[in-house]
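Taken one at a time, structure 1 and structure 2 that follow are two forms of one protein chain, written as structure tokens.
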Structure 1
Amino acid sequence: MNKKEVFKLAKGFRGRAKNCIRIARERVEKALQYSYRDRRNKKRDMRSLWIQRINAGTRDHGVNYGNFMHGLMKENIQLNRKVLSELSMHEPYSFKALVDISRSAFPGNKAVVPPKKEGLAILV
């Protein structure tokens, strides 16, 4: 890469790394290595986030993530975790329908006790 391209990629870097070519070239190479690695990490991180969101959504209905997914697999519902997390956020009634289907396909959750609210949360 010539200097012009290096400086274009070095926008927003701290200190001399955005102005001086020797330092900028090192930092830009490091940044590109990180972006190569993180394009692969992003897929892992997003899946982890979706699973956390689905877990939160199902636990509101008394089912945990593991049993929920087991029930869906048994019923041969092939929605992926990305879509399930979006449904749990924006389409709560459809998501509740899915949770009910999963619960009937694979029972095995104890009745959920809503967490005790303390302080100002009691007013909500």
Structure 2
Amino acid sequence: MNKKEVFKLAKGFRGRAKNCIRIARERVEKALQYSYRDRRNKKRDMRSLWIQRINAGTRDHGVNYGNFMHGLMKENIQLNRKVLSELSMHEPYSFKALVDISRSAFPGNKAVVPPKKEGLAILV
């Protein structure tokens, strides 16, 4: 990489990393390594976020994430995690319909009844 390209990429860096060629070259090289790595990590992080959102939506209806996805797979519903997370946030009725379909397809998806509150709640 020639000097002109290095300084162009080092624009905005702090201290001598923006105007001293030897330091700028090292910092630019490291910055390019970070950007390469983080383009892949970004995909991982987004998938993890989608799974968390789907899990939160399914637990509202008494099903956990793994059983929900297994039920969808058995019913051959091929929606990706990105779409499912958007449905769980913005279309709760549509998402509930998917949860019901998943529950009927997989026997492990029985509705979980929350425990009754006893003790101090009775006295109040």
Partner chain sequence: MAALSLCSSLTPKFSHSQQNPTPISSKFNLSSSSFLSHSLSSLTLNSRKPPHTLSFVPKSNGTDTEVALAEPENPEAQPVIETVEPKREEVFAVVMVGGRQYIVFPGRFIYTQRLKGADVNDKITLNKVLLVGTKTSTYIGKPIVPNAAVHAIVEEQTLDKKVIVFKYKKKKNYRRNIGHRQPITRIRITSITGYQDSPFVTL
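The model shown is predicted, which means the values in this text are computed figures rather than measured ones. Take the two forms, find the largest set of C-alpha atoms that superpose within 1.5 Å, and that set is the rigid core. For residue numbers, the reference is structure 1: its sequence is counted from 1.
Colleague: Which of these two chains, shown alone, is the form predicted alone?
Modeller: The form predicted alone is shown as structure 2.
Colleague: Once every C-alpha goes to the better-fitting superposition between structure 1 and structure 2, are residue 104 and residue 50 in the same rigid part?
Modeller: Both in the same block.
Colleague: Treating the chain as two rigid parts, what rotation angle in degrees relates the smaller part to the larger between structure 1 and structure 2?
Modeller: The answer is a rotation of 15 degrees for the smaller part.
Colleague: After superposition on the rigid core, what is the displacement of the C-alpha atom of residue 29 between structure 1 and structure 2, in Å?
Modeller: A shift of 2.7 Å.
Colleague: After lining up the core, report the Cα displacement of residue 14 between structure 1 and structure 2 in Å, one decimal place.
Modeller: So the C-alpha of residue 14 has moved 4.5 Å between structure 1 and structure 2.
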